[in-house]
Every structure is written in C-alpha cells, then in structure tokens.
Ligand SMILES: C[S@@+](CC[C@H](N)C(=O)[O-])C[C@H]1O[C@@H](n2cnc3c(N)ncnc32)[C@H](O)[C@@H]1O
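First, one chain by itself in structure tokens, the form predicted alone.
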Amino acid sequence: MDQQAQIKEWFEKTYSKNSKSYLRPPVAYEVFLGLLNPKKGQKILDVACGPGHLLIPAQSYELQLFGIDISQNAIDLAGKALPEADLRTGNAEVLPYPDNYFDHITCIGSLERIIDMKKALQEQLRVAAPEARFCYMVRNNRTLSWRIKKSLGFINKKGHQGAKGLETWTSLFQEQGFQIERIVPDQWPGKRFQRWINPWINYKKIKPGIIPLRYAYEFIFIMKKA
C-alpha cells in the first residue's frame, strides 16, 4: 500500500470509529471565521474539511460553502450537517476547482498531514481569487508535548502527522507565494476550559497567550497572495 492510500485508510477508519469526536467541536472553529471576516455571498473552501466543523458555523455568514476531504466517511458526515454545501472527496494536491474561484480558503490542522505540502499550497493559490484570504492552523514541533511524543515514538505515521517550528512555517508560506498578515496562537486550549466557567464566552476573541508565540501548541496564519 502506498503512502497516500495508507493515509486515506487511516482517516476512513478514524471517522468511522470516532465519528465527530476526533475533532474539537464546531464552536471552536468560529475563531478562524472571525479572523477572516468573510462577507455575505463569498465563496469559502475548507481543505481537509472533515465532518464540516468549520463550515457549520460558516453558515451564519451566508457564504457559498465548499469542502474537500480525502475521506469519504468524513464527507458523508459533513453532508448530513450541510446539505446545501458543495462537498467532494479528493486529494488536496489536485483540487477539482477552476482558477481564481474562492474568496477564502482554510486548512485547519491538516496541512502537515499532506504528503506534498508545497504542491497543495500551490493548488490553493491557483483556485484562490486575486484578493482571497487564507487561514491555516499548523502544528508546532517546539512544544514539550510534541517532543515527548516524538521521543517515545507516538507520532502518528499512518496518518502522516507532522509539525514544524514557527520560523520554518513562516519561510514555507513566504517561499510559496503567500503574504502573512497575522500569526496568532491557537485559541482553543484556553477557551476549552473557559467555557465551563462562562458558557457565553466569545469564541472569536483573540488572546495573545502567556507564553511566547514560538512555543504555542499550534499557530494560526492569516495570509493573502503575495
């Protein structure tokens, strides 16, 4: 079995077994939409959309919703929640969309799992409109938890789990043709606990965090075409 087939098999099994519990809840994805601030009627594509957890809150913006994922099980789950969305099974390295088509493109916690990240990024630039904005959340390899997982051999090789440091991610995006507008730490670790104290917390509000950005668990990049 080649690597691509192995990754697909892992995600099919994961979504079949864990259903939606594999990911954080849809409300946690509101922060990404808040950073993009999309306008009514615009087209948004979520690459590696899973069961649609970003597209579900995106409905409140009255956008044209598109999602693509390597897992058919994930797309089936997304279809139940998003009957009006354009959802497709496919490879992020070969997107089935025309040039200059989308106003916003997101890829949340999945870019590091794609075999050829550079090719995937070039495809996303291709299908993005000239003034499009991008939102990625990517894993940091400088955290203590990642280093412990790596030293103990707990990195998920079947799911092609990877990570990079802040400087490496920044260089990758810039070299591929992106202009970085903003980088913030992942907001969910803090909000996950806050919501038990205050169920009315603003999930879109950004907090800088108490540790330097380079040590954040994950990074959120907001970008546009260079």
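Small disclaimer: the values here were computed from a predicted structure and weren't measured. Sequential numbering from 1, following the sequence displayed.
Not on display, but discussed next: the form predicted in complex with the named molecule.
Colleague: Only one of 77 to 85, 148 to 156, 122 to 130, 102 to 110 has heavy atoms within 4.5 Å of the named molecule in the predicted bound form; I'd like to know which.
Modeller: Result for this chain: 102 to 110.
Colleague: Considering non-hydrogen atoms and a 4.5 Å limit, does the named molecule approach Y22 in the predicted bound form?
Modeller: Contact with the named molecule, yes.
Colleague: At the 4.5 Å heavy atom threshold, is H53 in contact with the named molecule in the predicted bound form?
Modeller: Yes, H53 sits close enough to the named molecule in the predicted bound form that at least one of its heavy atoms falls within 4.5 Å.
Colleague: For A48, is any heavy atom within 4.5 Å of the named molecule in the predicted bound form, or not?
Modeller: Contact with the named molecule, yes.
Colleague: Might Y15 be said to contact the named molecule in the predicted bound form, defining contact as any heavy atom within 4.5 Å?
Modeller: Y15: contacts the named molecule in the predicted bound form.
Colleague: Which residues in 80 to 95 have a heavy atom within 4.5 Å of the named molecule in the predicted bound form?
Modeller: Result: G90, N91, A92.
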